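Shown here is one chain on its own, the form predicted alone, set out as structure tokens.
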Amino acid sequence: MLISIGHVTRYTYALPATSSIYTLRLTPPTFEGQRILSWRVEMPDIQQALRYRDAFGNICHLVSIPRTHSEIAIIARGSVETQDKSGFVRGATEVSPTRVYRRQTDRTAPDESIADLVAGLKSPDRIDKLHELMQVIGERVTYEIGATNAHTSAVEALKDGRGVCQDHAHIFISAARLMGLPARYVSGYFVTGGDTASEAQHAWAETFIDGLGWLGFDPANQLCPTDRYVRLACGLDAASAAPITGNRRGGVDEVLDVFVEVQQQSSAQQQ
């Protein structure tokens, strides 16, 4: 599938910031089943950026604005060719050892509710059990925009029974790690279907299975990633896989606007 993506992030401040520094994880990697045909990250007035790979293998750009500013615009756009690999991730750059992804974070730390969720799984086969976990999370946590925030933990979302894809992924990761499996958070994009463009910034989870490798699970959509998914970055949780993180000095009353457009290109456009 040929997918075009436009991702615009804009920060505005009531009172100017005197300086800012940002880490951008806005460049998708190429690996088996995902090939970057064209990609560009733009920040007006930024002449240089340091490109590197972080501890999780993500392609990052470190950018800074050492002058007074009231607005920042960050634009990522390009085309990606994808193939359905039944959720398996092979050929991606791996920097950290697999065992790192067993470590729980504040957002994924389990409690009795997560332990009960795992204990209730009935499938004897390890992969079937993960599919069952994905299904149960989707049934237990209703998708509801605005019910949670960026700091909501897996435990809080499970108890409330409402959340978004970030919360579904955190619950899955928490449970998988409790089962002794390495698991990680993935940020990316999702084509919802049809010929019209859709706002589709998305998140899901991946689990490492001995003998098979990394396998993705998306509890929000109840399926393993297909060619409709574009993988952007990964980490221990949403914080370490966020497309943009940073700090500023000054800049009172920040307003954040994000626009993401993901669209499957037609056969005529591909030629």
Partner chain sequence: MDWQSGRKLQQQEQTSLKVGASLRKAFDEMNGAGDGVRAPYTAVSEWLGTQKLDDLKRKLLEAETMFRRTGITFAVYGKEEAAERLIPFDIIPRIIAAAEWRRLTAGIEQRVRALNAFMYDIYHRQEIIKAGKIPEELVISNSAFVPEMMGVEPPLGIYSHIIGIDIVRTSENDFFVLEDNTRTPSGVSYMLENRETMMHMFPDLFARNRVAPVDDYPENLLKTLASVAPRNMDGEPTIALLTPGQYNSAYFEHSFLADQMGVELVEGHDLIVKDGYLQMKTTQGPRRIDVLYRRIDDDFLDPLVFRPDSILGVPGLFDLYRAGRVSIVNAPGGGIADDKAIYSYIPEIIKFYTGRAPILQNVPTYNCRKPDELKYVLDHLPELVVKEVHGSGGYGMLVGPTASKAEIEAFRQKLTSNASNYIAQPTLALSTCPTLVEAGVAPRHLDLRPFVLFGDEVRLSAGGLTRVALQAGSLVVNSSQGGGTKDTWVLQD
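These numbers come from a predicted model, not from an experiment. Residue numbers count along the first chain shown, from 1.
Heads up, the form predicted together with its partner chain isn't pictured, but that's what we're talking about next.
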From the list 179, 95, 115, 73, which entry has a heavy atom within 4.5 Å of its partner chain in the predicted complex? 95
Please run the contact check for residue 100 against its partner chain in the predicted complex: heavy atoms, 4.5 angstroms, yes or no? yes
Please determine whether residue 227 contacts its partner chain in the predicted complex, using a 4.5 Å cut-off between heavy atoms. no
Could you confirm whether residue 62 comes within 4.5 Å of its partner chain in the predicted complex, counting heavy atoms only? yes
Report yes if any heavy atom of residue 249 sits within 4.5 Å of a heavy atom of its partner chain in the predicted complex; otherwise report no. yes
Report the stretch among 209-217, 227-235, 27-35, 49-57 that approaches its partner chain in the predicted complex to within 4.5 Å, counting heavy atoms only. 49-57
Only counting heavy atoms and a 4.5 Å limit, does any residue of 65-79 reach its partner chain in the predicted complex, and if so which ones? 66
